[in-house]
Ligand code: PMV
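The form predicted alone is given below as one chain in structure tokens.
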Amino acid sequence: MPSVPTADPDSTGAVHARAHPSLALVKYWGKRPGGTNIPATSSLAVTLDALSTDTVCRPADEDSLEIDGRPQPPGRIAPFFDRVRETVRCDTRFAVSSRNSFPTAAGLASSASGFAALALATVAAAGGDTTDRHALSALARQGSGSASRSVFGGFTAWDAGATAARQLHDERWWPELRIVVAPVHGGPKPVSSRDAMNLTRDSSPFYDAWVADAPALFQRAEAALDARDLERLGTVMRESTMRMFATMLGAAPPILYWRPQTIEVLQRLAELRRRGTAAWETMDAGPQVKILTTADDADAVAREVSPWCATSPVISTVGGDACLVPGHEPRERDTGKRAGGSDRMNHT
């Protein structure tokens, strides 16, 4: 397994880590009781290059965390910092500044990239081993389950009951694949993924059927990915998405993240497929739509869905591993191609 690229800390001991969101094609939805973010179902995901979290960590007298310039309550992140110290076997305190190049807590997997970058940055700042991907994945999982996958680039799997994710293929596996991110609403979602997942598990009569059905979906998706068959992968991805949302609608009270614009985008994509365009949608716990397509069709897909987006659609390639980078200040980063040339993704 390749090692994580390293960057020397500056004179203050600061290190800069970058990670990308992990988009689940077969969904992680539901946790096994008795553990910290242990999945009840296996998920298969792709890492998105066009979106990123940049995190700078410095040794400090006390722990602190800022996200997009806003200080976070100390107790919110304390258990994760404690777990880092336990893992590295140190007593280092961390001052962390993190910035997302996309809206935070809006259904775009900011927690996945955020905790993957945070795990890498804190371990590096404490002088720990940043080359053990399995250990980094297990650590990132403590903060956010999906973050276990964001440690890796390319295509990843997180098996039911596993403490860490694994890489299936790196970012070079499917060069012509593109992911169009259609942000239909820029504000925070009304129910966190964690709360929604627990409520679904505890109250939805459809949840047990979802868990029982998940292994077959995963196997079909993995076979389609291995064959680089977009239609097969898109079909099973849509099934996983809709079955996940069905469990939410069965919760008490029901959970509904979709906006009217979400429905409009889904209907437009169905029309594109009828016309022969490769455009297969998925969504996570939020209203945003993500679309698997090809390099040849990505611009056309982005133009079609743009009228219903709150900010310009972003066209992404498959992203690489979480890594340490030169420079010690988080910055907004735009490696994606935006339809129409507009740069509005960071506005909420």
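Counting begins at 1, following the sequence as shown. Keep in mind it's a predicted model, so treat the numbers as computed, not measured.
Missing here is the form predicted together with the ligand; even so, the following discussion is about that form.
Chemist: With a cut-off of 4.5 Å between heavy atoms, is residue 233 one of the residues that contacts the ligand in the predicted bound form?
Modeler: Result no; residue 233 lies far from the ligand in the predicted bound form.
Chemist: Taking the ligand as it sits in the predicted bound form, is residue 244 in contact with it (heavy atom to heavy atom, 4.5 Å or less)?
Modeler: The answer is yes: residue 244 has a heavy atom within 4.5 Å of the ligand.
Chemist: Does residue 50 make contact with the ligand in the predicted bound form, using a 4.5 Å heavy atom cut-off?
Modeler: No.
Chemist: Considering non-hydrogen atoms and a 4.5 Å limit, does the ligand approach residue 284 in the predicted bound form?
Modeler: Answer yes; at least one heavy atom of residue 284 falls within 4.5 Å of the ligand in the predicted bound form.
Chemist: Sort through 191-199, 92-100, 177-185, 262-270 and report the only stretch with a non-hydrogen atom within 4.5 Å of the ligand in the predicted bound form.
Modeler: Going through the listed ranges, the match is 191-199.
Chemist: Report the residue, out of 144, 137, 130, 156, that has at least one non-hydrogen atom within 4.5 angstroms of the ligand in the predicted bound form.
Modeler: By the 4.5 Å heavy-atom cutoff, the listed residue in contact is 144.
Chemist: Considering only 110-126, what residues come within 4.5 Å of the ligand in the predicted bound form, judged by heavy atoms?
Modeler: Contacting residue: only 111.
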